[in-house]
Ligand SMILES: Cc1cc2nc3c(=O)[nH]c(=O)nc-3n(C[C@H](O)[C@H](O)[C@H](O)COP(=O)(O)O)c2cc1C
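Have a look below at one chain only, the form predicted on its own, in structure tokens format.
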Amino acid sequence: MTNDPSLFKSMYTARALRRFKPDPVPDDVLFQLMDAAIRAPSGQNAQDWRFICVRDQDVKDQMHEWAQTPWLRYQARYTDDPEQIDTLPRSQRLSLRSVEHLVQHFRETPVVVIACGLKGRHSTPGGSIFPAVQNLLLAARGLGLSGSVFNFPLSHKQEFRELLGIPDTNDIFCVLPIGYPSDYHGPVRRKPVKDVVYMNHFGERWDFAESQTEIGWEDKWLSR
């Protein structure tokens, strides 16, 4: 395992990197990811999350095929001019190209994690699952891995359920491809706090946030 960065440095630099090296994720590293995931809060302490870690190549091959369906629908808007993607704003273009790469190479992902939870167990479905997912993603960043929510394979949800033997008592919340990235983690660009956080009422500006820089307190954590 690698020496993990601080929690705040992890949060400020955890990019959604979707290009993976072929290196396998060892059992001890995978266990640490999952052990960190289940430390998340859970409504009524139900801990009804269930995770499936997929390494089986045949299963990944099938998920790869299912991931093509939504990508082809999305890509259709660029059919007449595929190079139009390269005219998009940089952040949008890079994100789209990385998704395209993952679609084309999904079967090569070292491990795919599927997050499930009991149907009807909580009044807000997913509210007790996604905190665990975020824990997992931050743990991945801390261990030199990368991951992101990538639900394209769920375009064939019933077949997906049958392939993995997921009972009808469980909802499928997300698919997480995980691996050692060939790209690099680094600062993530976000809209400033002042533009997305209000005080007391929607649209009411927060004076303290107004006085802060556009990049927030990024330098505080990345200079360490």
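Given the structure is predicted, the values throughout are model-derived calculations rather than measurements. Note that residue numbering begins at 1 and tracks the sequence as displayed.
One more form of this protein exists, namely the form predicted together with this ligand; it is left out here, but the text below deals with it.
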Contact at Ala14, Arg18 and Val188 by this ligand in the model of the complex, all three, heavy atom at most 4.5 Å: yes
4.5 Å heavy atom contact, Gln75 and this ligand in the model of the complex: no
Heavy atom of Asn151 within 4.5 Å of this ligand in the model of the complex: yes
4.5 angstroms heavy atom contact with this ligand in the model of the complex for Leu88: no
Exercise: Val99 in contact with this ligand in the model of the complex, heavy atom 4.5 Å: yes
